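Only one chain is given next, in structure tokens, and it is the form predicted alone.
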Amino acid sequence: MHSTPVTGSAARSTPAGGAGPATAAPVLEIEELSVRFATPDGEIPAVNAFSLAIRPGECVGVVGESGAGKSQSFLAVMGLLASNAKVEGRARFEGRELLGRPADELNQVRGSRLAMIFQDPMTSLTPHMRVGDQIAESLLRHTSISPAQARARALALLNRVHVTDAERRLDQYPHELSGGMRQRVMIAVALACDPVMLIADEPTTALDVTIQAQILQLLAELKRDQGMAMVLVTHDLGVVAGIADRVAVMYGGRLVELGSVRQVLKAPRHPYTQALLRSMPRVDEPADAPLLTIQGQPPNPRRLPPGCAFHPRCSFAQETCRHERPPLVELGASRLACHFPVPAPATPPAEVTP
């Protein structure tokens, strides 16, 4: 199946970005981002030469198992990493370099032009502050409106994110709300200053399936109605189906596949992406069909295997994979880091159904 390595013109290295509106300058452009953490036992690499560009109005899903480097990449962009982190590379937001900037400069951007929501709103929201005050806080910091105007805006935002009985919720504390309501409040906080870009880090992980669907529908509405650029970080490829325009797959701290949501979900070229999809339950298969798994465990960042980090778990690995790390190269309209990619289908993949 995987018999011919990528060579020749298909192996040209490309700049960050890939598919997307070719005429639009990226809102966020990450180039060769690397993150390492200093520990008593030595440095631990978490992200290795990660490059990605997000353009206005598009949503990029960033997918991979725990420890792949997804969250650390965007925490680095936001300047929210632990103090023992060492960051290299570039991250330009609206043409402005973010990496290495002092906190006061980052605070001019964070929460106003660039916002982030996290997977656990109970630990992200301030427990002793009322919900309305937490939404208004960002408005009072970044704009010149009055407290009364900020409260009115907070009420409008709660209604916008479909919080029931919004006027009463303004004066409640986070612990008085359900998990789904708290996540909606987090989204309202992020939207307070009309950011041009939203980073959603595992926003549905702590929620039940029904509430997950509602939150994803809300994010899709915001993308459509407000034209925000969006990054959706998740371990679940199924989560990105109904909202993402492109999908970036990470493994062992590296980007291993990037393409349109149609291409990645319907005709993946990297064996890891293919394995991820095969390990997901499908509604079109019998209920008693065995669930396929990916053999082995994700690699230890401290001791990444030589060559391709996925080769110990890959059914199609060959000798080259064990000794040579595959470069990230252009392959048609996509980008791929694999010596022996899955063959492309004879006919283009169909549209992805959410």
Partner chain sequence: MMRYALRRILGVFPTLFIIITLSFFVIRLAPGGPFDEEQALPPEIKANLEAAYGLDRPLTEQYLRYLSGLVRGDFGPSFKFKDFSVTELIAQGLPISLLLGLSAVALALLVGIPLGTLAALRQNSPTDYGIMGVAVLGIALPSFVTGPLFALVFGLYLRWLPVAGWETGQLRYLVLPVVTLALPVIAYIARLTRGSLLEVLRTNFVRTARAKGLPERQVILKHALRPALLPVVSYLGPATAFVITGSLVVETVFGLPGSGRYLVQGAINRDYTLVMGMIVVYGSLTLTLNLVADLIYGWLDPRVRYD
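Here the structure is a predicted model, which means the values were calculated and not measured. Residue numbers count along the first chain shown, from 1.
Separately, the form predicted in complex with its partner chain exists; it is not shown, and the next lines address it.
Only one of Ile215, Val249, Met230, Val189 lies close to its partner chain in the model of the complex, with a heavy atom inside 4.5 Å, and it is Val189.
Exactly one listed residue, out of Gly180, Gly238, Gly89, Gly111, brings a non-hydrogen atom to within 4.5 Å of its partner chain in the model of the complex: Gly111. Heavy atoms within 4.5 Å of its partner chain in the model of the complex map, among the stretches 170 to 178, 230 to 238, 146 to 154, 250 to 258, onto 170 to 178 alone. At a distance threshold of 4.5 angstroms between non-hydrogen atoms, Ser138 is in contact with its partner chain in the model of the complex.
Using a 4.5 angstroms limit between non-hydrogen atoms, Gly95 is distant from its partner chain in the model of the complex. Although the partner is absent here, Asp120 lies within 4.5 Å of its partner chain in the model of the complex, judged by heavy atoms. Taking non-hydrogen atoms only, Leu75 approaches its partner chain to within 4.5 angstroms in the model of the complex. If you take 123 to 161 and check each residue for a heavy atom within 4.5 Å of its partner chain in the model of the complex, you get Thr123, Ser124, Leu125, Thr126, Pro127, His128, Met129, Gln134, Glu137, Ser138, Arg141, His142, in sequence order.
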